[in-house]
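Below, in structure tokens: the form predicted alone, a single chain.
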């Protein structure tokens, strides 16, 4: 296992083509602790796979250096970096059996047969594929082939890091939870440095100790699942995390209160923004922390109600903004409904970034 450090890393795919600098990955510094479980989370095109491929050696950065345990490995090949990588789509040898696919990386390193057999048996059990050990890969479905790819990434115990590039995309939804759970157990057992790329917030939040959220080629927040939910540092993070995501409403500052389209909302704490410099302010509040009250609060129009089992999501319209509310068990929608925000759960943003308190 290794700690990984990215020093002034950036990448531009059109470098040298005279089209100007257009960063797919904007300049950044980032450290990954030895034995940590991380997720790179963000929408397609935000730079997560570019960053992963720079770490693995499949891509050489336009700028900056990559260090494993403080050793500069920027110019080393993927093989020389001693990492394992699992890709979005299955990479298997169709003519080999499941067991031989798993054994291949170990045989390449000259391990003893008894060690190989023991490790392959462990991974087969981990993946629930003992009964298919001797079947040729070509006859298997996409789910099983991707499980083989996962197994080949996990079969070695001597790697510096294991990198996953959206490995569960082609897996049947019913198997995803099982495989995520197994990955978590494997990390706890072997303490590999693991970096997991995904656009699925559930995968990221259930797998990782820390989640790195990316947006437009930059890292906008690093934190635990709780930190990302309770205090998103950028409005994008607030909207991206959660189902539904955070409500974001334009607002103004008046003393210790904020005003949303003429309606005063108590913030309950002073913020480090002066009224003279309060342009671009927005209020952020999770649907979980919004209540509907009769004849008080900010008046809204109810536009839809979605019963999703143990909770009800209410869609509402206030002025030109959509506001989502999650009703608690037993709560109904009152007549003449108004919005009440829980003051301690309000986040204030300026130009999309979280404003601190004083």
Partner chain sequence: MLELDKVSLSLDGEVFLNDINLTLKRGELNILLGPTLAGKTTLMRVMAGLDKPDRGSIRFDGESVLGVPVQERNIAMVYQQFINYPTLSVYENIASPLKVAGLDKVKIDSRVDQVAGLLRLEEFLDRKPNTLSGGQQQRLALARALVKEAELVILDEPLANLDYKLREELRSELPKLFAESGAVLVYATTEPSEALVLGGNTACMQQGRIVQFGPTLDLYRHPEALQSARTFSDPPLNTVTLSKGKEGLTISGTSQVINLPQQQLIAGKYTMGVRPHHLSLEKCSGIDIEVNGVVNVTEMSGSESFIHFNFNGNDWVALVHGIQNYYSGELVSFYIQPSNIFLFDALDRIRNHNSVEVTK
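Keep in mind it's a predicted model, so treat the numbers as computed, not measured. Numbering follows the first chain given and starts at 1.
Note that the form predicted together with the partner chain isn't included here; everything after this is about it.
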Specify the contacting stretch among 24 to 32, 62 to 70, 326 to 334, 294 to 302, defined as having any heavy atom within 4.5 Å of the partner chain in the model of the complex. 326 to 334
Each of 199, 202 and 205 having a non-hydrogen atom within 4.5 Å of the partner chain in the model of the complex: is that the case here? yes
Just give me the single entry in 243, 191, 231, 261 that has a non-hydrogen atom within 4.5 angstroms of the partner chain in the model of the complex. 243
Within 4.5 Å, heavy atoms only, which of 74, 130, 181, 157 is in contact with the partner chain in the model of the complex? 181
Should residue 306 be classed as touching the partner chain in the model of the complex when contacts are defined as heavy atoms within 4.5 Å? yes
Residue 270: heavy atom within 4.5 Å of the partner chain in the model of the complex? no
According to a 4.5 angstroms non-hydrogen atom cut-off, is residue 252 in contact with the partner chain in the model of the complex? no
When the contact criterion is heavy atoms within 4.5 Å, does residue 226 count as touching the partner chain in the model of the complex? yes
Just to make sure I understand: among 342 to 356, which residues lie within 4.5 Å of the partner chain in the model of the complex, judging by heavy atoms? none
